[in-house]
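Quick setup: one chain, the form predicted alone, written in structure tokens, and binding and motion questions come after.
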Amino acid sequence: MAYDTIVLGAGLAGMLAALGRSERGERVLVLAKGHGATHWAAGCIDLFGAATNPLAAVRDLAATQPTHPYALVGVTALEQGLARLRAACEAVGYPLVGSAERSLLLPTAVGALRPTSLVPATMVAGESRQLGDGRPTLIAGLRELRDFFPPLIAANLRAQGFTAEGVYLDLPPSTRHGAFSPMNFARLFEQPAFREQIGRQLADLVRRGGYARVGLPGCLGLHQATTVVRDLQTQSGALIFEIPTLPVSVPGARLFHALEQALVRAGGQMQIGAWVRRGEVQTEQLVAVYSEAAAREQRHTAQRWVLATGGIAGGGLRAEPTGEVRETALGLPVQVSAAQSAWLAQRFLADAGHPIFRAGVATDRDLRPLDAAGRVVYANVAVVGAAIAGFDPLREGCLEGVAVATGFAAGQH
């Protein structure tokens, strides 16, 4: 089947681009090797690091760095993209709260505070302004959930001046055996009997300790998170908030599912497990891509394409032993800010960040890929998200913001 647009990648950028094209009446297919960065990020929307007013910082950046993705698509694309994402989350009963004009500080899985802009309603009761109201906070977890340590989180919160204690809860009986992952617990919390027993334990602890709020690992349901939080608040008598865990990220998966449902309602299609390895070109236009299949390559055709396969962390870029950095799906030219010899520094976490994270595909203002001479490579391809060159999504704290802005822009123009 021929499509109007095929999107390569299923992260925030790819899903918003696919949703936009579908809502314009196009036949759209999302091809992805696997799930995108949503499933290993915190499930919040970071716009610009620790800026007190992220949107104002984005405006300043767009005015001073013309090749930054924020400057290429404009602040309006960011604002409209955020509105579309919030609407998709509202539609599935998973609202995002916060503002692009004020940073929020939320506890991490080790008790540090990290800045962000939009957060799920299930996390907002743990924001630093609430933690600092003088009332005690309880951090509770389950020993069966690896890499979530309530005593450590509480100790680090106390070191920052908050009143907090950490405890482990008893695992209610279940049919689950073996290792427990965040996804396993998300499904268990959607069982009324399981969360009722958790709620009883919390109620006893809250009654004895006088806690105003309880922080739990961010796996309180996959599709019914707001219901789970509401039930636990009713049973415990305290505010409940989630703390993001290490991957797999359940809050991130919720964002993906919200966009997936919006895409399906708009008529779009998805194919997860399709690893695109090369493209087919005719007269400087991309006409087809080939993905790995069980016995042979599968050919996909479309008029327009969106590359949303991510940067070096997401597998969209690959550094070879020769020092070359290549784009893995279409073989597009990659812009790297420093030679491989400059990738080594005396300090592991250098203040300037690692040059590899600024690598990517250079684009024009229509997000079309450019070669080293500044010429458009394929006029019918747009590059979005972390695959774009010229910014460090980790050091700048704008991974989700750039994904939303560029993905939305590619979906509209």
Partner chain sequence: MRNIETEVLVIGGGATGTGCARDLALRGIRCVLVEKGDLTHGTTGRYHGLLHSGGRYVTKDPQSATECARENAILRRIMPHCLEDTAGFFVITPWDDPEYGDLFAANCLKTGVPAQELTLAEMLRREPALNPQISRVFEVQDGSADSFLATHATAQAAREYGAQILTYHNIIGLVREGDRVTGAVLEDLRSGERVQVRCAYVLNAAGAWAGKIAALAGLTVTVVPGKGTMVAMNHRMINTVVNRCKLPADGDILVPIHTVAVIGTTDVHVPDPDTFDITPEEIQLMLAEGEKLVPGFSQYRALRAWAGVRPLYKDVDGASDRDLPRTYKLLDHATRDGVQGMLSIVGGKWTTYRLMAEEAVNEVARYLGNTKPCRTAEEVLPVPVTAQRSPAPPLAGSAMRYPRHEPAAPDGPRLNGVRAPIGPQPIYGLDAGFYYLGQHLADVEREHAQDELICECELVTRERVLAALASGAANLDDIRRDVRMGMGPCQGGWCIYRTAALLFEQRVADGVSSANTNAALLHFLQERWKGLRPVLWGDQLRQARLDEQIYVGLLGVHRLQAIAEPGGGLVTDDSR
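Keep in mind the model is a prediction, meaning the values are calculated, not measured. Numbering follows the first chain given and starts at 1.
What comes next is about the form predicted in complex with its partner chain, which does not appear here.
Q: Classify Asn156 as contacting or not contacting its partner chain in the predicted complex by the rule of any non-hydrogen atom within 4.5 angstroms, answering yes or no.
A: Result yes; Asn156 sits at the interface with its partner chain in the predicted complex.
Q: Tell me, yes or no, whether Gly314 is in contact with its partner chain in the predicted complex, where a contact means a heavy atom of each within 4.5 Å.
A: Although its partner chain is absent here, Gly314 would touch it in the predicted complex, with heavy atoms inside 4.5 Å.
Q. Hey, in the predicted complex, is Leu152 touching its partner chain, heavy atoms inside 4.5 Å?
A. Taking the distances in the predicted complex, the answer for Leu152 is yes, it comes within 4.5 Å of its partner chain.
**Q.** 4.5 angstroms heavy atom contact with its partner chain in the predicted complex for Ala112
**A.** Taking the distances in the predicted complex, the answer for Ala112 is yes, it comes within 4.5 Å of its partner chain.
Q) Want to guess which of 67-75, 282-290, 241-249, 211-219 is within 4.5 Å of its partner chain in the predicted complex, heavy atoms only? A) Going by heavy atoms within 4.5 Å, the stretch is 241-249.
Q: Identify, from the list Arg265, Arg146, Arg135, Arg102, the residue with a heavy atom within 4.5 Å of its partner chain in the predicted complex.
A: When its partner chain is considered in the predicted complex, the option within 4.5 Å is Arg146.
Q. Among Arg27, His354, Arg59, Arg368, which has any heavy atom within 4.5 Å of its partner chain in the predicted complex?
A. Flagged contact: His354.
**Q.** Residues in 385-413 with any heavy atom within 4.5 Å of its partner chain in the predicted complex
**A.** Going through 385-413 in order - heavy atoms within 4.5 Å of its partner chain in the predicted complex - the hits are Asp392, Pro393, Leu394, Arg395, Leu399.
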